[in-house]
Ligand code: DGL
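Shown next as structure tokens: one chain only, the form predicted alone.
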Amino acid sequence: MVKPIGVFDSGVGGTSIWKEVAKMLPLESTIYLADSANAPYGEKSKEEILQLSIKNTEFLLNRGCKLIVVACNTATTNAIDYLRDNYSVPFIGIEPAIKPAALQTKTKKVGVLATKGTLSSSLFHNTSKLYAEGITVLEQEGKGLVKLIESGDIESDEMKTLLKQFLDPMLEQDIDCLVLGCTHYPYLIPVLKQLLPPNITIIDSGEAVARQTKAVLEHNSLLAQENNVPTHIFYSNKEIDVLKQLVNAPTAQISFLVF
């Protein structure tokens, strides 16, 4: 039996990462765990995030996963070091794409929209220090955004009002790049494009994470072979309607389960 790639997130947002991984590695089977009952992680304590990340990891390992993508910025920044130290499978983490933003900005001002748990983490500050020398990084907590996305209210008036409230101060400071520092936020790109001037570049981590996943599988000789027929299982501990809607991939090889 070909072992699957495991992916977990605090909810449905990590499907934005799953899509990139599935696109880049079409022969791989996957198991996705949406811990929607505990979303959002960004407002929890470091200890709570760590315990949830351990629980999610063991759920995926018990189902035979050969590699785990921590498809949650908050879980990556608060738990990935522990997970790597305590489990033998490779882990791929997510961190805000400060480096590409720093390379692209002309105004030398970059906005980061992320959760409180990511913005307050040492990994985020170390990444900013490492790649953003001479660049002003304007941080904005996206409080309330994850809950709206989890409810499927992506294009609601409430969402647009919140986003305007978060974006306007950054625009006044002349940012020309906006980093999406939460895997839920790529689902907001159509709305963000309505609200942002056309000169603003929106940057997320999805493709880079997929590339890294492929590289680690190759390095560890874990890639699925040409004859593998991939299957994809999505688990959620809450209702699965929004999850189905976002995955939007009708195929016999995909199943959705509530646990």
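This one's a predicted model, so the numbers in the text were calculated from it and none came from an experiment. Position 1 is the first residue in the sequence shown; the rest follow in order.
What follows is about the form predicted in complex with the ligand, which we do not show.
- The closest heavy atom approach of G206 to the ligand in the predicted complex falls outside 4.5 Å.
- Using a 4.5 angstroms threshold between heavy atoms, C182 counts as touching the ligand in the predicted complex.
- Of the heavy atoms in I175, none are within 4.5 Å of the ligand in the predicted complex.
- In the predicted complex, the ligand sits beyond 4.5 Å of every heavy atom of L188.
- Scanning V137, A79, V146, A102 against the ligand in the predicted complex with a 4.5 Å heavy atom cut-off leaves one residue, V146.
- For the candidate spot formed by G42, C72 and T115, every residue has a non-hydrogen atom within 4.5 angstroms of the ligand in the predicted complex.
- Comment: 34-42 is the region of 58-66, 225-233, 196-204, 34-42 lying near the ligand in the predicted complex, near meaning a non-hydrogen atom within 4.5 Å.
- Shown here without the ligand, the chain has D9, S10 in 3-30 lying with a heavy atom within 4.5 Å of that partner in the predicted complex.
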